[in-house]
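The chain below stands alone and is given as structure tokens, in the form predicted on its own.
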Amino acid sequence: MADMPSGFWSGWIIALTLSSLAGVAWLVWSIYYGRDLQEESEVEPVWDEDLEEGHNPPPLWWFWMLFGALIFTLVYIMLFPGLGNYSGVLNWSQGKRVADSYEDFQANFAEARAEVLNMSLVEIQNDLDLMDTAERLFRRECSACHGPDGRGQANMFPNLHDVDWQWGASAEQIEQSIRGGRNANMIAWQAILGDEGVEQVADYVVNLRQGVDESHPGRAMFQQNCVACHGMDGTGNPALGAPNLTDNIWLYGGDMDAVRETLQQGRFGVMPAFGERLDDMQIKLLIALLVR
């Protein structure tokens, strides 16, 4: 919540608000009681022979309605924030209301949430109500990227139903991904490998899943530049977020064009951290939903 205005701007808001209310009050009062309507000029314009300009004021109930609205406004800005940094007699604010609601929530559900935290993942998975809660939580927090069914989308966000996860699929690894987020760092190799090298390494990687002859021209460059992350056999390293290159699970695509683009431009996917957005119980529910 933004801080209340202070100093000059607080005074300016107060002056502007009060002067506006005073102006509206004067205008309403002057229309109804500020002049004697019977003393209007006797010369009145006439149109179409019998169409004359009238001087009848609006109905009096309009005056009382507007006057009542002004009184309500004055009472409101006295009770609630509305005049610069003046917080009002009731000292009410949206932030305070949210904080109070959160305290009430914690007081009412702290025990039940503690019970969930003490449950094993298997116990949570066997509880249909808790799993329904986990699915709603996933749809709210995760489906924008991973899709409502968790199968990924747009060749940018991974499928959470497959068996090969870039950063690992154990409960501990999933928790780390949710809490701290992940930042991929597949650098661009175009400047290092050159056009010919990119073609050779891309061809080597595309055919790695089928087994590649040791005489392949991309093998030496792969071993020189790629094994530090992906390993000698190309099976990857979840600790580094280096994916397995020997299976059919490819986030950005496993055909020649996609692998070539990856080598040329690099990949820098980001999984945002949810450690401050979600509490421990919510994270545990998501882990129970995602772990295989």
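Residue indices: 1-based, along the sequence shown. Not measured: the values here are computed from a predicted model.
Note that the form predicted together with heme C isn't included here; everything after this is about it.
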Stretch in contact in the predicted complex with heme C, which is absent here, among 182-190, 78-86, 123-131, 108-116 (heavy atoms within 4.5 Å)
182-190
At 4.5 Å between heavy atoms, is residue 268 in contact with heme C in the predicted complex?
yes
Wondering, does residue 241 line up within 4.5 Å of heme C in the predicted complex on heavy atoms?
yes
Hey, in the predicted complex, is residue 26 touching heme C, heavy atoms inside 4.5 Å?
no
Non-hydrogen atom contact residue 272 with heme C in the predicted complex at 4.5 angstroms
yes
Pull the contact list for 150-167: residues with a heavy atom within 4.5 Å of heme C in the predicted complex, in sequence order.
156, 157, 158, 160, 164, 165, 166, 167
